[in-house]
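Quick setup: one chain, the form predicted on its own, written in structure tokens, and binding and motion questions come after.
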Amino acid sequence: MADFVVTPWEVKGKIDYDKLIEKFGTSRIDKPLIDRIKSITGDLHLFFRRDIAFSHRDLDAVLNDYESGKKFFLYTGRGPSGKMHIGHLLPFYFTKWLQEKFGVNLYIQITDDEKFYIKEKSFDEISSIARDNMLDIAAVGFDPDKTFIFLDSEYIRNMYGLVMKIAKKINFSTVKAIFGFNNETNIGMIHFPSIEIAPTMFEKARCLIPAAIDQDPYWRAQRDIAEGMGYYKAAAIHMKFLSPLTGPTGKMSSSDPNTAILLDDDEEAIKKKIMKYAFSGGQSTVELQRKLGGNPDVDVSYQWLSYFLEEDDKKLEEIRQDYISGKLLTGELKQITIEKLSKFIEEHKKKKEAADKDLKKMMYTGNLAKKMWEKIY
């Protein structure tokens, strides 16, 4: 698998998701499982309909629990390394859908500690970034009484007992093999997996983690020790990466604005980035495009429409066929994306401006948050 790399800290190359399933030992989300989800929820999120949520660990066991009356809970997170872009935000919308459909608690970990360990930034800088990121997350609209958003550096005093128990169960050879740590790795990062694992044990129920597949190594470590500690092995739903502007390889990065649409980009910036940088599957001239058509499978504008901007499956297929036939030009496809994306970002900004109250509930005063601050693990 030398042609691409997927780790918690680096994603590059053209990713073969089938090879990832084989390498990581996960299971594909197949039609019988999707049909089962729909029978419970009544409909399907487009991530399920369009093979974006493509892989899982023990999702069938989660559904078994739910159908038998047992509860489960959701857990996801964000590493505050910089401004958030749309690729960061979309898994949170998927998580919101899961919370609404199953009516479950959600824990969102903000790993300010990890980012301090690996970034050349002061802790004050990381803290400022974390606050802005949390407002973006709160703007998604989770149930404030069933959601707990917490900063590792702040909540560690409540969960440190659990972290210690986890850390004692994992030896260096294990994390070295899973994460590739070496003699140059600082000891904060070597210890950090025990902190990221801890929220999977916040309840004596099965934990379901919706996240991109690059985070899966943490859950492999958790699954090795969970049952011996009296907890369930963590379950997971893995999502494919949203293609960066520059083409269908790697993933977006806030540190390279030419690959990403940031959540504070204005309409002019969005238009400029899409027109200048969005990788095209079209032909080099209008005449050739009309004659030969374009390839939507590599076209970033189409990929973004498929990933989140066009909810209607029938309309998306019409766009696809028009592009393949040459009826739709690359510039026209980009314009559709610009208009939909500008509207999406503008609506998000408005929600973010009003998110302070809900963020406070999710961190401190909501029903779940108050219970969590009363606990000492």
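When you see a residue number, it is the position in the sequence shown, counting from 1. Predicted model only: the values in this text are computed from it and were never measured.
Another form exists, predicted in complex with another copy of the chain; not displayed. Remarks below refer to it.
Asker: Which one, 299-307, 243-251, 156-164, 128-136, holds residues whose non-hydrogen atoms are within 4.5 Å of another copy of the chain in the predicted complex?
Answerer: This holds for exactly one stretch, 156-164.
Asker: Though only this chain appears here, would Q283 touch another copy of the chain in the predicted complex if you measure heavy atom gaps against 4.5 Å?
Answerer: Taking the distances in the predicted complex, the answer for Q283 is no, it never comes within 4.5 Å of another copy of the chain.
Asker: Please tell me whether any heavy atom belonging to Y93 falls inside 4.5 Å of a heavy atom of another copy of the chain, as the geometry stands in the predicted complex.
Answerer: Close contact is absent here: in the predicted complex, Y93 is far from another copy of the chain, nothing within 4.5 Å, heavy atoms only.
Asker: Would K121 show up as a contact with another copy of the chain in the predicted complex if we use heavy atoms at 4.5 Å?
Answerer: Because a heavy atom of K121 falls inside 4.5 Å of another copy of the chain in the predicted complex, the answer is yes.
Asker: Does another copy of the chain come within 4.5 Å of any heavy atom of E196 in the predicted complex?
Answerer: The answer is no: E196 has no heavy atom within 4.5 Å of another copy of the chain.
Asker: Would you kindly say which of K204, K168, K291, K276 lies with a heavy atom within 4.5 Å of another copy of the chain in the predicted complex?
Answerer: The option sitting close enough to the partner is K168.
Asker: Out of 158-188, which residues reach within 4.5 Å of another copy of the chain in the predicted complex, heavy atoms considered?
Answerer: Contacting residues: Y160, M164, K165, A167, K168, I170, N171, F172, S173, V175, K176, N182, N183, E184, T185, N186, I187, G188.
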